[in-house]
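Heads up, the chain below is alone and in the form predicted alone; it's given as structure tokens.
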């Protein structure tokens, strides 16, 4: 039994990519999204988004395949060629694209631009966008199809794909539970305007209070990431630009030039993993299936891998159950491994115990000199693509 009509709930980056991928396979696709955007208006806007993603080479190839990458290359986008992680220099771990003979490791792009570049393809593939009032009330799944019911409308299809984020309403209606926890820390993103040439190295420094990171966006912008206690970050967010700049200078020692603060936002951190990714005529993708510590910026890359795995499993499938189970087998274990690796790194560095600190620095230094192992890790970070 082939799948012909698909309903995707959530039109963010992952949901939009899934919509185009399935439409290219000949399926009729409807996207449910409350916040409808005008993609051309977003792409032409000079308002810079504080939310950015580090898309790796795998994600870049997917966005090329879906027709979004050309528009992004003409917009605010920044290649990064080096990725550095350290606690105390000189014992750092440095990944360089030249080690694999590649031109770059990935790109840093604003989330809203990725979404808009994908939405710009919807008309080409006759993808419908619907915005029913309120939230979904009921989800019905039968051998004949699936129905999603809202207060004034209902939608019938062969398959529902939940791409509606970490607080997925569709996952809740399907009765799918999650395991996870709230991290003790929050994360503050700070958009700055930097008085320095275009930067191509992104770095992360581990501190007992939590990591900090520098993400170079297209000149003259950059994004700073600051982990700490939620109350402390919320207090910092309330400071005027000049005072916040002073606090940043006291906490970030490696900034390449002078800067001005544009805006800042604080986000809670949570780890969450759905107990199953599939249910009869339902599949979860992206944050609806897994939310990961943003330590290495892997969230959207994992979501795009979900999209590729699910759409490949569905293409020409005779049994929907078999296709969905194949998708789950391919992705759930890999996502769990990545989540666990990020947690090990996060908890391993979030303390000031002297013996552990020395051991951590030795481990980073050894990893930096590991040769073939380091190249394999680098290739994995690029999404398995060079």
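What you see is a predicted model, and the numbers here were worked out from it, not measured in a lab. Numbering follows the first chain given and starts at 1.
One more form of this protein should be noted, the form predicted together with a small molecule, which is absent from this view; the next part is about it.
Think of it this way: in the predicted bound form, the small molecule has a heavy atom of just one of 54, 29, 63, 324 within 4.5 Å, and the residue is 54.
For the candidate spot formed by 180, 272 and 335, no residue has a non-hydrogen atom within 4.5 angstroms of the small molecule in the predicted bound form. Within this chain, residue 280 is remote from the site of the small molecule in the predicted bound form, having no heavy atom within 4.5 Å. Contact annotation for residue 14: at least one heavy atom lies within 4.5 Å of the small molecule in the predicted bound form.
Mapping the unseen interface onto this chain, residue 210 falls outside it, with no heavy atom inside 4.5 Å of the small molecule in the predicted bound form.
The small molecule is not drawn, but in the predicted bound form it has a heavy atom within 4.5 Å of residue 33.
Of the stretches 254-262, 162-170, 202-210, 67-75, only 162-170 has residues with a heavy atom within 4.5 Å of the small molecule in the predicted bound form.
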